[in-house]
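Only one chain comes next, encoded as structure tokens, the form predicted alone.
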Amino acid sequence: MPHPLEGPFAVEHSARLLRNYRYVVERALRAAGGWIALTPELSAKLLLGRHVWDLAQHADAFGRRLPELRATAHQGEPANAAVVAFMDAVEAPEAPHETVERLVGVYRVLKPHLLAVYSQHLARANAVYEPPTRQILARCIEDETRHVTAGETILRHLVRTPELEARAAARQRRLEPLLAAAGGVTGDVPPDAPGGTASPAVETSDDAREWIRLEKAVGAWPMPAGLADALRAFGGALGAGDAAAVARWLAPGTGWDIAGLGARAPRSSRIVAFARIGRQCVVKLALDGAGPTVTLQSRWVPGEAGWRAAALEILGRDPAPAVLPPR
């Protein structure tokens, strides 16, 4: 019988595993942090923002543990080049309309794998001389369970059409073989090792359903006088495909062409987000029509002639509505 002080991991091996974890977690948190500004859907934006902080805590805990294992503090290390390639693929979707691809990579591939790897490590770590590592892993397991559950809730909310379901499935099929070829994030996970999942029935503190509720259109936005009328007229001009009428609602020097919406003019517009910043207002419109729903962000400024759009930017095109109507 093995001596109780003998464990399956040498100190050097334990340090390598933590460096492998830290490398992947640090890349994931940086990617998620960068995606927040690129993601038009409020529920997904809040999901990423909440979990970036947790991931930063995980990376810091792994990094602080390393000197206690006779290794350099706060050092991440990929297990092999294939892990680097896998993380490159996870980070690749950066276009505003690729929210589903981003979330699938993190919440259906990477995080379930981390949950499984952490759980297996905890089960094998020696309880006598590795309490610090075990405590770190237990905290990571608790967080990743919540993350996977919340991420799946948001994905089920966003993936509402056969086309989006096909995109989600294709993304998962693309990434899973890359992870298997790498041997997982530690380079030694068998290709047929079972993955880890969190039951959708698990209650979380991530308020995923509340984030979905916040994303739904509200009945009325608290706008300053005159702006609502300006937006209705501007939306009507967009719906009619009237470039001259659209131009009348642009502030002097604002270079924007309705042709950027594509060949098919939207039939209607609806406000899906509104924020007041000083005297200016930022308004996000969903433009619905025969083609994809276009998300248009605009910045409005008051002047002698009333409210005018000083900047416009197309954030994305989605075959599904950007925001669900109130139930």
Partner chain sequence: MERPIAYDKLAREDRFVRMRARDVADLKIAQGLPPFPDLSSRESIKERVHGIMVGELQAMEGAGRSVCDFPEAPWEFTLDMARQVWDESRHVEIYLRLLEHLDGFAGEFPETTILWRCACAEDAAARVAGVNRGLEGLACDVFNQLVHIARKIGDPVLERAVEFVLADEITHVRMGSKWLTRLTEGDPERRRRAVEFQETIDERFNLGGVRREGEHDLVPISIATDVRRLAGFTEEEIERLIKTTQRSQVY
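Residue numbers count along the first chain shown, from 1. Remember, it's a predicted structure, so these values are computed and weren't measured experimentally. Rigid core here is just the name for the largest C-alpha set that superposes within 1.5 Å across the two forms.
There is another form of the same protein, the form predicted together with its partner chain; it is not shown, and what comes next is about it.
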Going by a heavy atom distance of 4.5 Å, is Asp288 a contact of its partner chain in the predicted complex?
-> no
Interface membership of Trp249, its partner chain in the predicted complex, 4.5 Å heavy atom rule = no
Can any non-hydrogen atom of Gln297 be found within 4.5 angstroms of its partner chain in the predicted complex?
-> yes
Tell me, yes or no, whether Ala37 is in contact with its partner chain in the predicted complex, where a contact means a heavy atom of each within 4.5 Å.
-> yes
Only hit among Glu152, Glu130, Glu101, Glu91 for heavy atom within 4.5 Å of its partner chain in the predicted complex is Glu91
Residues in 145-175 that come within 4.5 Å of its partner chain in the predicted complex by at least one heavy atom, in order, are none
C-alpha of Ile36: shift of 2 angstroms or more between the shown form and the other one, rigid core aligned?
-> no
Once the two forms are fit on the core, has Leu55 moved its CA by at least 2 Å between the shown form and the other one?
-> no
